[in-house]
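The chain that follows stands alone, in the form predicted on its own, written as structure tokens.
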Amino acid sequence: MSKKKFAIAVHGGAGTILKKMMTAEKEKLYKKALTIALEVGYDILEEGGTAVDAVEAAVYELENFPLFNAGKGAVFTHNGKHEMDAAIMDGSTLKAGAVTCLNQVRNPVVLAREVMEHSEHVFLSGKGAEQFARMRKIKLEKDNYFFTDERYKQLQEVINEEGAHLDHNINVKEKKFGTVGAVALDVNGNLAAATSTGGMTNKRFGRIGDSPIIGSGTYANNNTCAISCTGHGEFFIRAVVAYDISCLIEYKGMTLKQACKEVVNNKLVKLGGEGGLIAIDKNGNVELPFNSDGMYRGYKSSNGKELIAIYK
């Protein structure tokens, strides 16, 4: 009997990520974080664990790493607060859980999974979501846990400007869409996807991006693929990016590669949407397309292939 294949991919955001703007030390840190997240997820798959367990664990690691805009490293809103979003989806059942506008939940992806498995709902927001978190005894933190100097500085640079900003350094116009995510295929042929983000610096009015929206920023279906997106959320919502890729495979018979190319490099570009995504299909093929200058990304497959990369 042939050995069942499995694989996992992770991302830590896309955008104008230029080598000339990166210190060697910071680059090393980013790569180390991606590697740790991949290894944690891969070990779960190697031991026969589920794709859902693997993506949750990988995203959990990235949420705890302050250089990414999720969990601990979440950016500041205009009011100097944090509003975090996350989603998770199980391709074997099409069950999903999502949360938005969280202020205090240490690991939003953990709460998203609780919503999927222990509530009758898919999507919870704000105070209600945090009430559910308390009910489920999910770890909460005070504001100072999420405070990082770099993120605070980013807010101060743009607080007097109209509009929200992508997780970036204004002076050098380095735009980073700092979402994190993971997709996986397990030995039983099940797919899963998870995404988590801190949103946009200086955002107002309870703005929500694509990350927690099932079908836009996160999607998994055993018949097709699992997708986690990162980019300018408004465009990803309007283009229903994650589900569109699945549809092109399901209804048009495209390969994962063809579907990703059509959506990321054609449809999104025409709309003016910048970013990328990680994708895995039911055969274990992995695609990491993006139309920006870079994307923190990596994958590891049971066929021995692995990659950690940042730039184009």
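Treat the numbers as computed from the prediction; the structure is a model and nothing was measured. Numbering starts at 1 and runs along the sequence shown.
From this point on, the text means the form predicted in complex with a further copy of the same chain, which you will not see here.
Within 4.5 Å of a further copy of the same chain in the predicted complex, a heavy atom is found for all three of Thr93, Met200 and Gly215. Checked against a further copy of the same chain in the predicted complex, the residues Leu155, Ala239, Ile138, Val187 give one hit for a heavy atom within 4.5 Å, which is Ala239. Between a further copy of the same chain and the residues Asp53, Asp244, Glu46, Glu39, the one pair within 4.5 Å by heavy atoms in the predicted complex involves Asp244. Here the chain stands alone, but in the predicted complex its contact with a further copy of the same chain, taken as any heavy atom within 4.5 Å, falls in 119-127 among 144-152, 178-186, 105-113, 119-127. In the predicted complex, a further copy of the same chain lies farther than 4.5 Å from every heavy atom of Lys72. When a further copy of the same chain is considered in the predicted complex, Leu29 lies well away from it, no heavy atom lying within 4.5 Å. Using a 4.5 Å cutoff between non-hydrogen atoms, Thr100 counts as a contact of a further copy of the same chain in the predicted complex. Using a 4.5 angstroms limit between non-hydrogen atoms, Leu248 touches a further copy of the same chain in the predicted complex. In sequence order, Lys252, Lys267 are the residues of 252-269 having a heavy atom within 4.5 Å of a further copy of the same chain in the predicted complex; the partner itself is omitted from this view.
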